[in-house]
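Read the single chain below, which is given as structure tokens and is the form predicted on its own.
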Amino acid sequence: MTKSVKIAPSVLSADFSKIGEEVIKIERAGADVVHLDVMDGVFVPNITFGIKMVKDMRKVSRLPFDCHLMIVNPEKYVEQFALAGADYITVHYEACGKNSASVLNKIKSLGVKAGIVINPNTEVSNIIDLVPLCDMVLVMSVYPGFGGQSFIAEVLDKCRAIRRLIDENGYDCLLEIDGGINKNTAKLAIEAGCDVLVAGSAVFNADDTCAIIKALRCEE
């Protein structure tokens, strides 16, 4: 592989009883980004953590924080996440709908990079007009809510379509994928044009964190 990708371990799979240590561990192991899955139990059937957790993790890491808001009415909370230390804030098209452009612009007005997220059953056509506003587009390769799910290969076609859209228009926008990423699916995602790979259980359940992060880059 000639393309260098960024690895963004998802702390959803970390041990929350020692979250600071877990974040330090992945930074020392070569992670590029910390992916923070914020779930409210309404938009998705699970509850994880909120603003204070992000703020506390910010104290122990200099890595970019990618806050993935799986919540309803994210526009009510983006300013607080920005103040807590988010570098990227991504919101779901399914949560924002026709208000998506307004939410993305609000995030950018806070000096934070903005991204739109689509679930596996959402068509790329819904976000074509939003991509120019984005610093990142996140394609879910599982249905959001829980870690450790199996990769949905059909979303790779969406990744290819978004990659073409970005490249053909010269947008300054990263393509991220999240869900079921391991050594095998990482290669498929990279071949489909993804720049950032979110990996949870593959990283945090590994015996050798450095080795798995290197393996996920598929650079050898």
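Bear in mind that the values here come from a model prediction, so they are computed numbers and not experimental data. In this text, residue numbers run from 1 along the sequence as written.
This next part talks about the form predicted in complex with a small molecule, which is not shown.
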## Note on the structure
Interface check vs the small molecule in the predicted bound form: of Ser102, Thr122, Gln149, Ser109, the one with a heavy atom inside 4.5 Å is Gln149
### the small molecule contact at Ser201 in the predicted bound form, heavy atom, 4.5 Å
yes
### Query
So, in the predicted bound form, is Val139 in contact with the small molecule at a 4.5 angstroms heavy atom limit?
no
### Query
Would Val196 count as a contact of the small molecule in the predicted bound form, using a 4.5 angstroms cut-off between non-hydrogen atoms?
no
### Query
Any of the heavy atoms of Leu12 lying within 4.5 Å of the small molecule in the predicted bound form?
yes
#### Entry: Partner-proximal stretch of 52-60, 156-164, 187-195, 172-180 relative to the small molecule in the predicted bound form, 4.5 angstroms, heavy atom
172-180
